[in-house]
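We've got the same protein chain twice here, in two forms, each standing alone as structure tokens: structure 1 and structure 2.
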Structure 1
């Protein structure tokens, strides 16, 4: 079957080029619509029945039905891509895919069009090699993942009766530094907040700071109450819903490859937070929430320049990565209560994003199928992670619908530059993902 895939290399690369030529960016409705149309046009000849799940505040979500069988698998992908700024750092036009030294460069080629097109190709190869898919497959493709999937929970709720399944394949994790396929069974959640401290009509000459209160100092003081210097969050009840890792989680983490020295070198640091390493480091990374300052601004900030000003206002962005079973809305409420209790109730808190953390069991049918399927495709055994340290909108599927979910091996490598200029995918990884898709479909039917 690999031979069949290899023989169609140019055909599927052409599909991928076509998909990556469409600028399906947030804020470009034509590009998003063109991408949906391209998907419909490609899925039709594969025998898929497609429908659009419409929702007022979101680009159309595409749902395609293929195959038949006892078991049903839901596959989640997204057809939108990240912005291309700064364009000047791209070696080529981000929407004119370019093949160079076995790598295809284009915006979205790794996140997530490479996985998506590999799946379409797999459906065709499967059909031509084996016949109809041996499972009922529902391919769900949304169009606003890159802006935080704000409507996705409601879309899933509204169309819940169409989305039932025995397991879910989630977008795609990738292949790690060592070349091992990754299997990830959850995602952290997120609360993204903007804090603003005001208090003066206008910026003032700083001489009056001797009697006029400073909104900047006030914000700094408020922030300093949120965390201790070891990074532990001091907000009352912040950790009360945090689940400890299970023995199975720890076993998975123990075998998860993580090159600490390489990561330190990449970051430019001499040690990780708290001096952690080994299992302690990985446990923290996967099972601890964060409270990060993504930005802070007030007053005059030109490096090397002087201006004696008392700024009228100060702003900070907080991004908190949450772990199961923390509830984003609850965390925001606790932060508000904390500020109020510490006499900082005047600081405004605006919620700019909420995402629930998600976890699925590792021994589900789909988890086992995704694991078994690695063997014929990859040289190394899978690197299994209970949770990714980043965030994804997995919660509506894994928790609201209760479908066991895994983010499996895919086209991404650590150096695929997702969300960055010169995003790329290796052609061999693309072909591997086609093969791997066929393997997990086969495994899921029989496991």
Structure 2
């Protein structure tokens, strides 16, 4: 089977190039529609029946059906991609895929088009090598994941009768520093906020800063009240709903391979926040919430230039990664109350995205199938984690529908630069994901 995959390497890389050439960005309806059309055109020859699930003004969600058998697996992916800014840091045009030294560079190639296209390729290889797929596959592919999936919970609720399954494959966790396949059984939640401090009618000459208040300093001072130097969030009640890891969770973390020195080298740092290491580091990474400043904008910011100005306004973007059982709406309310209590009630807080955290059992049928499938493909045993340190809209599937869910091995590595310039995947990881997809399909049919 691997020989068949290798013989079609160029064919499937061309599929991936085509998918990554489409600028399926939020705010670009033509690009989003073009990506859905490309998926329909690729799935049709594979024998899939497709339909578009519509909801208000949201991009269409594509649902495809193929295969037969006693068990049904729902496969979640997304076809939208992150913004490309800053474009100047890209080596090449982010929507003109470039192959260099075994790596394919393009926006969306690792998140999430690489996994998505690898699965399409696997369906074709399986059909040509074995025949009809031995399970019923439902591919659910949405177009709002990179902006927080605001419509996805309502889509799942509206079309719940079409989405039932015995297990769910969720995007792709990836491969770790050592080359071990990663399996993840949950996801952190998210509250994404925009804070704005406006204090002057217009930008002013900076000489008046001696008597005119600075919105920039005020926002910086407000932000400084949210977190201490060790990463501990200082908002009252922020941790009150946080669930401690279970003994089973800690056992999983104790056996989870994590190369601390490689990660420090990748990040360009000498130590982790708070000096954490070992089990403490992994526990914090997986089971502690965060308060991150994703961006700050104010005044004159042209690199290398100078302009003496007192800006009239300052803006900050915050993302807060949340853990079970934190509720995003409750966390936003606590942030507002905190600012008011610290005399920063004049700073406006706008909610831009909310996602609930999710957990799923690690001993489910789909979890066992994803684990069994690793052995024929990868040299190392899987690195199993109870919770993803990042976020995805897993909650509607794992909790509302109650479908056991796993995020399995995929194309992404720690240095794939997802959400950053020069996003990339290794061709070998792409081919491995094709083979791995075939193996988890076979395992799920029989486990």
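The term rigid core refers to the most C-alpha atoms you can superpose between the two forms while keeping them within 1.5 Å. Treat the numbers as computed from the prediction; the structure is a model and nothing was measured. Positions refer to the first chain, counted from 1.
Structure 2, rather than structure 1, originates from the form predicted alone.
Comparing the forms between structures 1 and 2 on their rigid core, the Cα displacement of residue 118 stays under 2 Å.
Core-superposed comparison between structures 1 and 2: the Cα of residue 255 travels less than 2 Å. Residue displacement note: residue 346 has its CA displaced by at least 2 Å between structures 1 and 2 (rigid core superposed).
Taking the core as reference, the C-alpha deviation of residue 301 between structures 1 and 2 is 10.9 Å.
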